[in-house]
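Next up is one chain by itself, shown in structure tokens, the form predicted alone.
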């Protein structure tokens, strides 16, 4: 079997308990879940996932790859699953539907976590049309190098399945250029792909059946780390969908929980998150070698709390705290303080990494300052300032340095630095 450009080890990265030879195992561990009379969930819950996008994203709660099967007079499959689970996915489908009864495959977005089972599936039903955007076709061809039966669609195009009709809505850069949503009139269902999703594994399909605080945190983390750079496009797309006056009873993303109980709540969150979101919080991100910069960070935090007890202060050591959790805290902060000792005339490797990620996420209307200890040169603070400006932050001051280990008077100055930060963040953004 020609598996395209993907090496065989990707098909061998499943836990040993999964046996591709015996399809009966799939029936036991992997079942269809009915959503409506016509719509079923046929995806994969990945409890063991801890890292995603290579090592770029932490998934403390696992994830799911949600695929949906619509059975009307015509049968449509919306999205597939991640590549390592392609054979499991197709075997499961066979237990529940004759593959040759699938009339349409709808690919809303074509990263490997969504399109990964296409090769395996189309080996079985090679002529089945794939409905996707024009950019989606380009990406599928780029991934799999196959001349499949592509049907390009754009916003407003419809596909009648019999009693129900699907309407396609292009959503470029939410979060890839090929992304689209699909609206099903019967059941008032919005299949939103990565929009409104979370990396969140659960036995249940629905938002009402899980811990609400955990769910909303994972939804915000997903937005902050993946969709934040495209906030303007998120805002425009939501306004466009709202202007279409579509009744929506279910939002079915391609990762995590389906929004069934008050689905508008996640739409409202996206409206807020896409508008230069911030809370009454300051996040202090630091690295330290011999604890001097840590002592500075703690004293600065004390000064902030002394000046305003209502401000939430998050103190985060970037070498110990998860980088995506750090970025999530920065996302809903009004100001971010970054500290590092001077190392080789610069700042630490870990601080360099988190600053580079901040720059890519394009946070809006946030303020920032820097601090750090040094021994004989002291360039870190100046260089951090330059990077913070490149990230789009407004600098509150020139930063604060400490020669060697801070003594009591220096820690007093750090607390004063913190108090001044509070005063500065209340001044208007330039």
Partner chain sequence: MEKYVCDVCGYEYNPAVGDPDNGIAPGTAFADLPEDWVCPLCGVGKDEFSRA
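Positions refer to the first chain, counted from 1. As the structure is a prediction and not an experimental result, all values here were calculated from the model.
Quick note: we don't show the form predicted in complex with its partner chain, though the next part is all about it.
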| query | finding |
| --- | --- |
| Candidate from 149, 155, 232, 152 lying within 4.5 Å of its partner chain in the model of the complex - any heavy atom | 232 |
| Position in contact with its partner chain when the complex is considered in the model of the complex, options 94, 312, 134, 260, heavy atoms within 4.5 Å | 134 |
| Close approach of residue 33 to its partner chain in the model of the complex, 4.5 Å, heavy atom | no |
| Partner proximity in the model of the complex: residue 141 to its partner chain, non-hydrogen atom cutoff 4.5 Å | no |
| Partner contact for residue 272 in the model of the complex: its partner chain, 4.5 angstroms, heavy atom | no |
| Distance check, residue 346 to its partner chain in the model of the complex, heavy atom within 4.5 Å | no |
| Contact segment among 317 to 325, 350 to 358, 232 to 240, 191 to 199, judged by heavy atoms lying within 4.5 Å of its partner chain in the model of the complex | 232 to 240 |
| Candidate site 100, 102 and 162: all three near its partner chain in the model of the complex by heavy atom within 4.5 Å | no |
| Sequence-ordered residues of 170 to 199 touching its partner chain in the model of the complex, heavy atom within 4.5 Å | 172, 173, 177 |
